[in-house]
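The form predicted on its own is given below as one chain in structure tokens.
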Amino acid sequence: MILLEPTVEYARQIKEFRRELLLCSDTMDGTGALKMYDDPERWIAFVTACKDPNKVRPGLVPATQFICVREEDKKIVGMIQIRHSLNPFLEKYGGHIGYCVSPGERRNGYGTKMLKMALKECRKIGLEMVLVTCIRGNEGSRGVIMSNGGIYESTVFEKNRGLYLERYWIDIS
């Protein structure tokens, strides 16, 4: 399994990944606003711009978007986004990393592997402590975070989505 920044080569699969997530009403965390883009090429342009501090939209922070590709068949099995810093919303609710595994690929260990690889990328951009959050009651996501060294800090209520979010810190220094 490898993490790649999205390219038009994967446009068809990105579109299918989005469709799968929408069909199951997934929150689409870690997909860099994929929910808003039915055109994969426009989404790729958006997430590419988000990486550049000079091009990121007001209110957002620079972020690197990855697709997680299974090497054997080159299939996208997940997406993960690394936020290079935290704004007030991310500091309380969203964290440095958001991730999502394709509904048909869950419970295969991809989330744990994706997060482990993303933590290495976090080190490359100079982060030493990484905040990762998950929806309270999401045992799979909690397990992914804890398998990667997550230490529970607190639970907060995010009123706009009506969700309780568990906050975990991972020391990567």
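Don't overthink the numbering: it's just position in the shown sequence, from 1. Only a predicted model underlies this, so the values are computations on that prediction, with no experimental measurement involved.
Below, we turn to the form predicted together with a small molecule, even though it does not appear here.
Q: Every residue in Thr27, Cys134 and Asn138 with a non-hydrogen atom within 4.5 Å of the small molecule in the model of the complex?
A: So, yes: the whole triplet contacts the small molecule.
Q: According to a 4.5 angstroms non-hydrogen atom cut-off, is Gly104 in contact with the small molecule in the model of the complex?
A: No, no contact at 4.5 Å.
Q: Within 4.5 Å, heavy atoms only: does Gly143 come near the small molecule in the model of the complex?
A: Residue-level check for Gly143: yes, a contact with the small molecule.
Q: Would Ile82 count as touching the small molecule in the model of the complex under a 4.5 Å heavy atom rule?
A: Looking in the model of the complex, residue contacts with the small molecule do not include Ile82, since no heavy atom lies within 4.5 Å.
Q: Going by a heavy atom distance of 4.5 Å, is Trp43 a contact of the small molecule in the model of the complex?
A: Flag for Trp43 set to no.
Q: Heavy atoms, 4.5 Å, the small molecule in the model of the complex: which of 27-35, 117-125, 65-73, 51-59 makes the cut? Say which one.
A: Checking each option against the 4.5 Å cut-off leaves 27-35.
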